[in-house]
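The chain below stands alone and is given in structure tokens; this is the form predicted on its own.
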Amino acid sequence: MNAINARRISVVAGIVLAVAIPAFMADYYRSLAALSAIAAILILSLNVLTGFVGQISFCQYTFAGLGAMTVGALSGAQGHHWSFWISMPLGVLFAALGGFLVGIPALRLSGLFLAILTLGVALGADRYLFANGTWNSFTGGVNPRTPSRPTLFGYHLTSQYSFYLFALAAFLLVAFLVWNLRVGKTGRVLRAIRESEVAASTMGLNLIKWKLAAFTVSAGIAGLAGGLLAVQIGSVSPASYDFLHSITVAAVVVVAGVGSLASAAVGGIFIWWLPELLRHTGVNAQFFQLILGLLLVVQLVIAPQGGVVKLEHDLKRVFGLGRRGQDLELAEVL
């Protein structure tokens, strides 16, 4: 069995399991499954920025908040009662615009300075943009927006399983788009920029255009995740989109591995199911952050490329799949 066939079988098997297993779960666990799919979309947004261009962001939840609050303001019960299918694309566009604006001052920054910039954006949004009394017509102020579930082909997605399938389909669609970006010309250009901006500029690549595009696409994907999260929970509260959530997502991306579609799925499951596992074992869910921090330290020592990515490489060696077709791998680190 060659690498391409093995990859196809694993992807199909993963999708079948993702559809079948929640069908036998209680509604509470189906809601966790939907939240995991949404978190995986958010991780994909950071994979685009970090895995493609090598840029870090600590404000992904800020972009998610822009998408969520746009959906809440336009389609919520206290909003303008617009259709979900209109408010969601507008939320994605608004978040993408936020990413474009953040990308402008980030063009000449990298490493620690870029991290400080994105952290400042997240804190500024927490303290001012999302704060009560600043823009209540958008955030809802002390009264959280309550967006309703969408209707698809005449079927209202009110059940937990139906909305989970919707969130899963959204994740698969975003994953497919990200994979296409990666294996095409765009991915090659962004990899060249990540490896050496000087060499890429010498080759005639427009660094400003490509880096702004990466920030914009990344923020738009985060906005999509935020809108879906608002609809899944049924409420939009600024506290759900603070910078601590962004830091958690960034840490999970590093632990799992950047640039890997598989790490996005694993990371989404990790974020929502580990606290649930801790609760069932009698451990305070607040230990989640401690466990994540310990895993981050261990990962940086044992598997700097990320735990999921290292596992993928090890499995290839064990089963003798080799390196052929590397550029077409779905879950290969960039």
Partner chain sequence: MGILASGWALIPSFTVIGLVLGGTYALAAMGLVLIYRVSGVLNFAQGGIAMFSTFIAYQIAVKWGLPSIVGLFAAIAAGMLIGYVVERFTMRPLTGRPALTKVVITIGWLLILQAGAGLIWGATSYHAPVHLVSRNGFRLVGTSVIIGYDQLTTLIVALVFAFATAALLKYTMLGTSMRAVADDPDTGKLWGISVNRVTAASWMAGSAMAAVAGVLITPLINFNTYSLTLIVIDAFTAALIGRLTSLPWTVVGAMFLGIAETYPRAFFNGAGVSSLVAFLLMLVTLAVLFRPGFSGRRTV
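Positions refer to the first chain, counted from 1. The model shown is predicted, which means the values in this text are computed figures rather than measured ones.
Just so it is clear, the following notes concern the form predicted in complex with its partner chain, a form of the same protein that is not shown.
Contact between residue 154 and its partner chain in the model of the complex is not found at the 4.5 Å heavy atom cutoff. Residue contact check for residue 52: none of its heavy atoms lie within 4.5 Å of its partner chain in the model of the complex. Taking the partner from the other structure, its partner chain in the model of the complex has a heavy atom within 4.5 Å of a heavy atom of residue 56. In the model of the complex, none of the heavy atoms of residue 162 sits within 4.5 Å of a heavy atom of its partner chain. Remark: none of the three candidate residues (171, 262 and 274) comes within 4.5 Å of its partner chain in the model of the complex, counting heavy atoms only. Put simply, of 84, 130, 166, 243 only one has a heavy atom within 4.5 Å of its partner chain in the model of the complex, and it is 243.
Contacts to its partner chain in the model of the complex (heavy atom within 4.5 Å) from stretch 108-123: 108, 109, 110, 111, 112, 113, 115, 116, 117, 119, 120, 121, 123.
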